[in-house]
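Before any questions on how it binds or moves, here is one chain, the form predicted on its own, in structure tokens.
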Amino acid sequence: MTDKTILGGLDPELVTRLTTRREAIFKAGKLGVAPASAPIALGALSATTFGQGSPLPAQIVDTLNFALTLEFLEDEFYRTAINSRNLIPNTTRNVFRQISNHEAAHVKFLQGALGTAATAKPTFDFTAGGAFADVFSNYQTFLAVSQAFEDTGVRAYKGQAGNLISNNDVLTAALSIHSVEARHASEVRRIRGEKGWITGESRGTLPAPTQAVYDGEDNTTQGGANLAGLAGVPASAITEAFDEPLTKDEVLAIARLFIRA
């Protein structure tokens, strides 16, 4: 698989930065840098990637590791699904293969940005303790969990934007991933026969354990202005017009349903 294929969901500038970093590591190997030194070299190069002359601030490292945990979850989820026999029909297999490629690229990008500060990959239980016992044998269950993950990801990235505002390069990178997660969410929702956007706090046809993903989406106040009652616009359309952020604690409460250790 080529870099161009796996990085298809990222902004071209970010692809250039990431592939340049890979080339530098490759050259370092040819110059005799020992494999054990690779994490240190990657950490140093990540500072250059984001225009930094010093290590990333703790708040940004914490936020990127939070994002990396979510990307680990999605990456393994789609990898497992793609490799599960008779789960995904041919009609949508290429869609989920490409989503899987995107999530793999996001993981690699965040790991490269964080270098030695990158968090370890958790162990996941995609059945959520049995709530989704047939997630990798029943296509409809797989789609339901996929929608919940993608809708969570969109709101999670939005909720962390403020923590990255001190570094324009990092913020731009996060927003580049955020918009692709939104495309994933809309695509999966439409495959399930849902609208591409969220109406109020409705989880649509998703099982009850996913309700936390949609709590708070019925907000009609934006920028201090209550838009409810806007002439000719139903309240449902107002809630659809704005995605609400999720806090880190809210996202982790959702993610912990699927994290074993």
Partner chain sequence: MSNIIKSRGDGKTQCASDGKRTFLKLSSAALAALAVSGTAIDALASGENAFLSIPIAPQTGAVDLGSGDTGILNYAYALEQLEAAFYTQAVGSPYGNMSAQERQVLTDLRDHEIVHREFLKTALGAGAIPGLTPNFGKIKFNNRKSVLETARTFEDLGVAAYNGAGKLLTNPEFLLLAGKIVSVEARHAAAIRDLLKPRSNNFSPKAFDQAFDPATVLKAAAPFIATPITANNLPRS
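Predicted model only: the values in this text are computed from it and were never measured. Positions refer to the first chain, counted from 1.
The next section is about a form of this same protein that is not shown, the form predicted together with its partner chain.
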Original post:
Of the options Phe149, Phe109, Phe77, Phe132, which one has a non-hydrogen atom that comes within 4.5 Å of its partner chain in the model of the complex?
Top reply: Phe109
**OP:** Only one of Thr119, Thr141, Ser176, Thr127 comes within 4.5 Å of its partner chain in the model of the complex by heavy atoms, so just point that one out.
**Re:** Ser176
Original post:
So in the model of the complex, does Ala208 come within 4.5 Å of its partner chain, heavy atom to heavy atom?
Top reply: no
**OP:** Answer for Ile82 alone: is it within 4.5 Å of its partner chain in the model of the complex, judged on heavy atom distances?
**Re:** no
**OP:** Consider Ala225 of the chain shown here, and say whether it contacts its partner chain in the model of the complex, taking contact as heavy atoms within 4.5 Å.
**Re:** yes
Original post:
Is there any non-hydrogen atom of Thr123 lying within 4.5 Å of its partner chain in the model of the complex?
Top reply: no
Subject >> Contact set, 99-121 vs its partner chain in the model of the complex - heavy atom within 4.5 angstroms >> reply: Ile99, His102, Ala105, His106, Phe109
